[in-house]
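Have a look below at one chain only, the form predicted alone, in structure tokens format.
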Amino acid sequence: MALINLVEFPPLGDDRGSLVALEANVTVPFEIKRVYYIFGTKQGVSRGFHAHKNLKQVAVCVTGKCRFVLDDGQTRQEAWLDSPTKGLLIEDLVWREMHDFSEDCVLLVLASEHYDESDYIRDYDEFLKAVTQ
């Protein structure tokens, strides 16, 4: 199974500059219920280390770059997000880690559901149990 599913966002614009439009069920393959962004991550700090039971996300580095590691319990794959025209689609029950944030990284995340702490799996062994059931 390919865990790395990159979504290309066509850049729009003219001689004044570029623009990327993110639209639910058009460029983003789900209804967007939550948007957040991560910025100011200190050098050497990694983030994530969790999975979601029922949540899809698209992550986009609008500036800078970071490295994602995705894991479905059988396969671990990694990808760099380093362009505002490239998004990473993350399905439910996929462990995610983010590493190697550049100093200027702003990571935008579009989520299919509202925040719900009970949807998180924060322990890797618990995650492995969930995906083998």
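One rule holds for the numbers: they count along the sequence shown, beginning at 1. Everything numeric in this text was worked out from a predicted model, so none of it was measured.
Just so it is clear, the following notes concern the form predicted together with dTDP-4-keto-6-deoxyglucose, a form of the same protein that is not shown.
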Heavy atom within 4.5 Å of dTDP-4-keto-6-deoxyglucose in the predicted complex, from candidates V28, A79, I38, L93, belongs to I38
Using a 4.5 Å heavy atom cut-off, state whether G48 contacts dTDP-4-keto-6-deoxyglucose in the predicted complex.
yes
Verify the contact flag for K53: yes if a non-hydrogen atom of it lies within 4.5 Å of a non-hydrogen atom of dTDP-4-keto-6-deoxyglucose in the predicted complex, no if not.
no
How about C105 - does it come within 4.5 Å of dTDP-4-keto-6-deoxyglucose in the predicted complex, if we only consider non-hydrogen atoms?
no
My question is simply whether M98 lines the interface with dTDP-4-keto-6-deoxyglucose in the predicted complex - judged by any non-hydrogen atom within 4.5 Å.
yes
